[in-house]
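Okay, so here's just one chain, in structure tokens, the form predicted alone.
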């Protein structure tokens, strides 16, 4: 597999091992509602957690307690656009890299080592994130065209190219473009990798609340349990490779045999079982020819409503929505408190693909305004789960925006686990 080289790679490839372990200093614990017994800040470290400090040191500090325990990671690192003003801070023991220390990364054409700095910053953090992931865990990373071509090779190197799941294209915006000189860019990416791809289940999304009215309209004798159904052709398209075991006759209601023009989608045993269970739908044309479809029910045989497969293009969730939601949450401040926050709905959708257990741990080490925590709390409200989040934010707004947002979200009738804010 091809690997990516850059200035300083040999100095940072094992830098995560040199980062010293630090203890987390609990500042306070916040509880949105009453609990049976008062918990100390130390005990609450097993609940929700916000860490204010450098995320490289914070991730190393989390290892003793959380290595191999995190079910899902979402990060939104600097895109390295040249307009963010992010600062290289990692104190790598090398004169060439030390020259970068505490320097603002410049724009394309002005800073010839800007991509090297970004890669040197990201690599050790990704190594620690990999260690924190559970064997059936996944990581989502938001990025755009400035660094996606560099991010993929180092993810392939650290997580393994065989564990790449998808590069989602997120349509982030609607309208706009008057200032664009060339094409109007309205998309970003969300890269998804697994710790071990063969240990995660298939990705599905929650049932569509409008699915029954839009798609499932045919009724039958199993309606009470399985709901209405829609039909899908059983005959495969010509684009599918020919397989002899998918060519066989199916008995029609009038006793004749129906052969496919090319082949069926299903093996013979499955199709004959569907005939017995009345799960096939036969239509007779005027010329006497039969066509066969299968019944796709709204619910499975236990009464659970059908989930859907996620598409590689995420549409209908826009940055404008994320900004509006944050303005509403901080309406008392009368201004935009944070530029370009990710929409809560985007993170919810990503988390919902995984069917996370009710006690799963979700980590965001580039927490920003705290959108990931907001999404976790929303999911817990929906199903009564007790999923926990860990956020890390190094900027000064970690207390005034990140933690404050989480506290405001938690203040409701829903009683989540307590939140502990720490320094590292």
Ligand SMILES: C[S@@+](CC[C@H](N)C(=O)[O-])C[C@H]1O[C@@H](n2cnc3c(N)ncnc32)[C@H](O)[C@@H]1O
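Numbering follows the first chain given and starts at 1. Model, not experiment: these values are computed from the prediction.
One more form of this protein exists, namely the form predicted together with the named molecule; it is left out here, but the text below deals with it.
Colleague: Please tell me whether the candidate spot formed by 70, 130 and 348 is one where all three residues come within 4.5 Å of the named molecule in the predicted complex (heavy atoms).
Modeller: Not a single residue of the candidate spot has a heavy atom within 4.5 Å of the named molecule in the predicted complex.
Colleague: So which of 264, 338, 229, 170 reaches within 4.5 angstroms of the named molecule in the predicted complex, heavy atom to heavy atom?
Modeller: Residue within 4.5 Å of the partner: 338.
Colleague: Please identify, from 382 to 390, 62 to 70, 49 to 57, 354 to 362, the stretch that has a heavy atom within 4.5 Å of the named molecule in the predicted complex.
Modeller: Stretch 49 to 57 is the one.
Colleague: Looking at the partner-bound form in the predicted complex, is residue 78 within 4.5 Å of the named molecule by any heavy atom?
Modeller: So residue 78 counts as contacting the named molecule.
Colleague: Quick one: is residue 376 in contact with the named molecule in the predicted complex, heavy atoms, 4.5 Å cut-off?
Modeller: No, no contact at 4.5 Å.
Colleague: Considering only heavy atoms, tell me if residue 395 and the named molecule come within 4.5 Å of each other in the predicted complex.
Modeller: Heavy-atom contact with the named molecule at 4.5 Å: present for residue 395.
Colleague: Decide whether residue 154 counts as a contact residue for the named molecule in the predicted complex under a heavy atom distance cut-off of 4.5 Å.
Modeller: Residue 154: no contact with the named molecule in the predicted complex.
Colleague: Do any residues of 360 to 383 have a non-hydrogen atom within 4.5 angstroms of the named molecule in the predicted complex? If so, which ones, in sequence order?
Modeller: Read in sequence order, the residues that approach the named molecule (within 4.5 Å, in the predicted complex) are 365, 366, 367, 368, 369, 370, 371.
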